[in-house]
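Take a look at this single chain, the form predicted alone, given in structure tokens.
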Amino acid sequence: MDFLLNVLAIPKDDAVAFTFFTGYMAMMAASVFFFFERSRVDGKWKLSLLVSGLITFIAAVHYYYMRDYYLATGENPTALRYIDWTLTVPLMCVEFYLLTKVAGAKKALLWKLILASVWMLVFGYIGEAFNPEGGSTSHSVMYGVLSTLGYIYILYTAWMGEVAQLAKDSNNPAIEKSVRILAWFVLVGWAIYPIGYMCMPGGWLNTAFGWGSSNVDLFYNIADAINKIGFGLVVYSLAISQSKPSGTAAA
């Protein structure tokens, strides 16, 4: 009954509320898909599929609560969103490690990617959540730049650094192609998040064009669904292509 009431409470002309609801449903459906498909891939890919499922499942749970928060207040659920990202973005970076582990990726790479993603998120949160009332451009820019340093490190590692080199050293065209597609997600898909950040009070887009919190949520909701489900589908495609047709490998 509560679920039906939540659906009926969504205004038909509110695009943000619509994307909160569809984002929740899409990512929950993706989780079910990834969890069930683990049985079809070889053992060495099962952990990658599990991580993909966890990413979308964690996001779906948060979207359930963010949707209710937005419907009740009409405000951007900044804290809930960053809790979601703090759990899911490092897991997305874990996928780079898991895909290149066959080429000799070390745990040091894993931790560097995780730390870079946490750095990016912590400073992004400070920039959004603790901006003085009314919006300070200097505050937004300073923490935006600090956050971007973590993003640039991940981007460099995926495109030209250790991850890219390991994918090449794997001598597996499928792995190299998949890593490159994920790198495109980081370059293009993740670029939507800085756009949303700059829509916050004090941000350049907010100051120049008056784009506000509704634009932020719309950008973030669309980006989350594309990036998180897309990451998982790339990993799934690789795992299926590299698994035996019988799909009977032990877990």
Partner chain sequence: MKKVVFYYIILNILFLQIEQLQHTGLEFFIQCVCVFFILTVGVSHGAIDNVLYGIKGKMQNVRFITIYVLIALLAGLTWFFLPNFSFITFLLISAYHFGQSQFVDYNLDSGFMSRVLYFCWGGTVLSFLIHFNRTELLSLTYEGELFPIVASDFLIENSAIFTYGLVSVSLAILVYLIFLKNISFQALFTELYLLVLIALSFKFLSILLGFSLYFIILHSFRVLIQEYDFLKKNNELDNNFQFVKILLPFTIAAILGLGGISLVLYLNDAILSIPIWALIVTFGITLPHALVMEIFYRSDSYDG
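Bear in mind the structure is a predicted one, so any value in this text is a computation, not a measurement. Residue numbers count along the first chain shown, from 1.
Missing here is the form predicted together with its partner chain; even so, the following discussion is about that form.
S.K.: Find the only residue in 129, 141, 115, 80 having a heavy atom within 4.5 Å of its partner chain in the predicted bound form.
M.R.: Of 129, 141, 115, 80, the residue with a heavy atom within 4.5 Å of its partner chain in the predicted bound form is 141.
S.K.: Identify, from the list 60, 198, 218, 225, the residue with a heavy atom within 4.5 Å of its partner chain in the predicted bound form.
M.R.: Result of the distance check: 198.
S.K.: For the interface check, one of 105 to 113, 158 to 166, 68 to 76, 90 to 98 should have non-hydrogen atoms within 4.5 Å of its partner chain in the predicted bound form; which one?
M.R.: One stretch meets the cut-off, namely 158 to 166.
S.K.: May I ask you to state whether residue 137 is within 4.5 Å of its partner chain in the predicted bound form, using heavy atom distances?
M.R.: Residue 137 belongs to the contact set for its partner chain.
S.K.: With a cut-off of 4.5 Å between heavy atoms, is residue 86 one of the residues that contacts its partner chain in the predicted bound form?
M.R.: So residue 86 does not count as contacting its partner chain.
S.K.: According to a 4.5 angstroms non-hydrogen atom cut-off, is residue 184 in contact with its partner chain in the predicted bound form?
M.R.: Residue-level check for residue 184: yes, a contact with its partner chain.
S.K.: Does residue 29 reach its partner chain in the predicted bound form if we count a contact as any heavy atom within 4.5 Å?
M.R.: Contact with its partner chain, no.
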